[in-house]
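So this first bit is one chain, no partners, the form predicted on its own, shown in structure tokens.
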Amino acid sequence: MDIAFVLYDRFTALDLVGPYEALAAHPEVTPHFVAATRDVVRCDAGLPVQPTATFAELTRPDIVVVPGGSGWRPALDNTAVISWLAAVHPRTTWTTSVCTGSLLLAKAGILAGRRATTHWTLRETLAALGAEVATERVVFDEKVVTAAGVSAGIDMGLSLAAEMWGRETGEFIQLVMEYDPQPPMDCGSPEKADPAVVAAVRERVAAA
């Protein structure tokens, strides 16, 4: 089972690594870091990732995982990324995204009329690209799976693992990861956060 983890300039590291940790260690999986070229790609905080395949080399992945990141705007105009997503999607078993990665799926025509989620600050943008916006943390719509912002990619990876290999396997992976969230502050959604913090985040995202 070939899983393509898509790379583009200024993706967010946890968007990529969260699902990778949940899925890539399974014995049926061959993970690939795929990009337009084999040149090193840097995340939005500077972490370098070495692609293992190019889009031209990997044309029939079983699963696609598209991370979000602060580079989502230029990525929407990146013909190599968007064209590859549109080309491989009809033959995938699962096409997935984390955070603003869903905007790239939408630009590729994959989310037209589908329920999907994204980072809470960009729900209107996702709707403008043709998706039916949902607010759940992980959304399944047939073979398309989208996750909300950043850390939700871990939930998406575990949910997909349980869907593919059974709940017991999903529980095994979650326990190996010791994924037992106990955040120090209860402000991980705009509904829970202080309005001043919500406004500050919106301003920062808009400026980025």
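Owing to the predicted nature of the structure, the values given are computational and were not obtained by experimental measurement. The numbering used is simple: start at 1 and walk along the sequence shown.
The following text describes the form predicted in complex with a further copy of the same chain, which does not appear among the structures shown.
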* To do: Check, residue by residue, if 63, 79 and 139 all come within 4.5 Å of a further copy of the same chain in the model of the complex, counting heavy atoms only.
  => no
* Using heavy atoms and a 4.5 Å limit, would one call residue 50 a contact residue for a further copy of the same chain in the model of the complex? -> yes
* Asked: residue 28 near a further copy of the same chain in the model of the complex, any heavy atom under 4.5 Å?
  -> no
* Asked: Looking at the partner-bound form in the model of the complex, is residue 57 within 4.5 Å of a further copy of the same chain by any heavy atom?
  -> no
* Asked: Is residue 143 close to a further copy of the same chain in the model of the complex, meaning a heavy atom pair under 4.5 Å apart or at it?
  -> no
* Enumerate the residues of 102 to 120 that have a non-hydrogen atom within 4.5 Å of a further copy of the same chain in the model of the complex, in sequence order, or give none. => 118, 119, 120
